[in-house]
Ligand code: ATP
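Next up: a single chain in structure tokens, the form predicted alone.
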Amino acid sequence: MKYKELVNVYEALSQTTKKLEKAMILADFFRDIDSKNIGKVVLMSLGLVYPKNSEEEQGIGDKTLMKAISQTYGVPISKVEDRVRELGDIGQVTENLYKEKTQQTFFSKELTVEFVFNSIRKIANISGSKSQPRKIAIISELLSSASELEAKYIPKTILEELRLGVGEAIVRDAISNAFEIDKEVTERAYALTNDIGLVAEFAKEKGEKGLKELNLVPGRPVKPMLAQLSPGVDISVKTMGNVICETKYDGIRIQIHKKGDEIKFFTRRLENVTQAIPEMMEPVKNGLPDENFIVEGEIIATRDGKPISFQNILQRVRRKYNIDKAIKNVPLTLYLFDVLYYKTSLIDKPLKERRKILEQILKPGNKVNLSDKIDVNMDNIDEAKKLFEDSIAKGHEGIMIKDPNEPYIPGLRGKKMLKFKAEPETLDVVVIGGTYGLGRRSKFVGSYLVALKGEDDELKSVVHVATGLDDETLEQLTKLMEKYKKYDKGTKIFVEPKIILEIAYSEIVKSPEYEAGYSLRFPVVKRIRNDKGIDDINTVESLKSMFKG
């Protein structure tokens, strides 16, 4: 399949802001693609070459890409950098340089989707001390063979910055429309696999019946079921009737998979952190049967029997070096609260049955335990309040309130699983820009422009936040801002949406100054959320709902 066919679709998508139109454009395109290419094309419509469940990353830096563009078009790298700062879009820069190029370009071959897809994957898999020249050579080969429009989209795909307003929801709808499949079936299949390309392949080859066959597989992480905020213990219990209340631990949510002899640990972002926490392997093996399973829990860091700060556990789980030292300094404890798979998939069973199975198969030990849990209704609601108070006294965040009759719904943030915390209201937001400080803080980005997710996954600015940051955090954030910088103007810097912050605030207010239409009074940075990604941030819709509430 010719790459220019996909590029023409990119152009059509860029001409409309309407979600339904984008879905129809993609559906018409997907319908006629052969089985060999459908998975690749669907991934590339999101600007990806690896599915979300993959441990592989495209991992190409701006500098390497700009150097490749410089060499391909015979211009100084400083010119490429200046253009990127000026235009803020590396694809537009490449398109312009193509028009201006003075070096003769030899069209060695017509680009195909398969060749572009495999080449970008090849770039991502190159490592070592002499990796940059090899990466540049592959990028140059792609750009040298590209037409003007193709040259515009290759760099954007390499950096995962397609910017066409096409998110997962639109692509899922397009697959459903293209192959006449109920949207709920497509959504469930994707939630269970986290591989939109695989979902498209099954949809095309096997239809709705085949898509329903996709299910949990140990070793393939699944999106976690998510919680909403509880308005209060009394009202939540009264609304649900009978509930399960558990301690809410302030740690890292972990999904543990056992398939055969292999055990893997995944974070809520589906990152494989098995190598970072080797000391948890034996306790899990000893505490659970020698069967295939998927269990879910929270890992916390403790010292003298008390939980220590979230940042400690975050650094511990993401550590790649000096792990032996970290094991000694930051001891871990795992609290399990759910089982999704044991010999077979359990997610369609109600929580009360899953919890019973978990209690039957787990042998608690020093490092692996069941979460503290009680059954509550309006007759014994004081027990829920006591669990909350005890949890806070022990240094935990609060409690979870769950409907015992609910199945496990991957990726859903519903009203059947709630969290009640002692802390003030917080939001998870993504940084899109910032401003360098003044005086002694002039070397730091002191103020951060943050955004929420709007319709079609577009980011909408909501507030500038500049408080709650000590010098150590400012230094860490500034390094990240420089790492993800797209361009700067004077003291202002604009970045890729990679940095997630948790911020507290006192009040939501209407504001025409920000794209969300709302803003926050007295925002304070609580912490950097390296355990979360762009898919985990709050939405403008949820902010509106909270404002009205």
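Remember, predicted model here, so these are calculated numbers, not experimental data. All residue numbers refer to positions in the sequence shown, first residue = 1.
As for the form predicted in complex with this ligand, it is not shown, yet the points below apply to it.
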Which of 374 to 382, 124 to 132, 76 to 84, 223 to 231 lies within 4.5 Å of this ligand in the predicted complex, heavy atoms considered? The stretch 223 to 231
Only hit among Asp195, Glu298, Glu160, Glu95 for heavy atom within 4.5 Å of this ligand in the predicted complex is Glu298
Answer key: of Arg253, Lys204, Lys460, Lys152, within 4.5 Å of this ligand in the predicted complex (heavy atoms) is Arg253
Does Lys258 make contact with this ligand in the predicted complex, using a 4.5 Å heavy atom cut-off? no
Although this ligand is absent from this view, report whether Glu397 comes within 4.5 Å of it in the predicted complex, heavy atoms only. yes
Within a 4.5 Å heavy atom cut-off, is Asp89 in contact with this ligand in the predicted complex? no
Problem - this ligand contact in the predicted complex: Lys238, any heavy atom under 4.5 Å - result: no
Within 343 to 369, the residues having any heavy atom within 4.5 Å of this ligand in the predicted complex are none
